[in-house]
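Consider the single chain below, provided in structure tokens and representing the form predicted on its own.
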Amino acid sequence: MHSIGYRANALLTFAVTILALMCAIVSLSDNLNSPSPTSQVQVLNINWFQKKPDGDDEVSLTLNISANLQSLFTWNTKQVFVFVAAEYETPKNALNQVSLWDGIIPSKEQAKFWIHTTNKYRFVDQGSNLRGRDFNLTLHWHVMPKTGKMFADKIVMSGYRLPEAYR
């Protein structure tokens, strides 16, 4: 006969093995979801475009941000972190990214939104590289699951240009 300790150990080992197997299957089932989020960002106004006393360029923008990220939510989604970044090239760097706005979306009901805002974070370039510069606005998101690995993706919106002169 087996002792109570041996039986409890066997039962606990079996239960943990089944739980780990269920978590793995559940995490893999989330890969069957193929999200199709949509987004549009409009630059309504360039509030100011100036050269700071230290020589850096600074821009303030008024933005309309609309997005439908509901398809990112599944039973396994805890929350989605989303941010809008300005991306541009300079002679020094192939890619410059400046975060302009961010937010945390805790539920599917809040994943369809429209926001009229100025950039939450300063759009500053080290040097005078922004005059007449083309840039993209990119909506990035990071899906934080309840179990399994995080994943990230983005939508790039191109065709934006800063003015040649400071205002």
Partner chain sequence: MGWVGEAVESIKSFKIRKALNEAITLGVIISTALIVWKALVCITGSESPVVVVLSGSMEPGFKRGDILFLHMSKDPIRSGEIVVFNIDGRPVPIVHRVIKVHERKDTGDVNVLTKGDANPMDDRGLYAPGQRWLEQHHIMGRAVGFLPYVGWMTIIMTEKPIVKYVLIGALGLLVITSKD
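Note that this is a predicted model, so its numbers are computed, not measured. Positions refer to the first chain, counted from 1.
Keep in mind that the form predicted in complex with its partner chain is not shown, yet the notes after this line are about it.
Not displayed here, its partner chain is approached by Arg122 to within 4.5 Å at the level of heavy atoms in the predicted complex. Not displayed here, its partner chain is kept clear of Tyr166 by more than 4.5 Å at the level of heavy atoms in the predicted complex. When its partner chain is considered in the predicted complex, Thr90 lines it closely, a heavy atom lying within 4.5 Å. Shown alone here, Ser71 lies farther than 4.5 Å from its partner chain in the predicted complex, counting heavy atoms only. Contact with its partner chain in the predicted complex, defined as a heavy atom within 4.5 Å, is made by all three of Lys78, Leu95 and Gly148. Annotated contact segment (heavy atom within 4.5 Å of its partner chain in the predicted complex): 138-146, selected among 107-115, 59-67, 138-146, 35-43. Shown without its partner, this chain lists Asn47, Gln50, Gln126, Ser29 as candidates; in the predicted complex, only Gln126 has a non-hydrogen atom within 4.5 angstroms of its partner chain.
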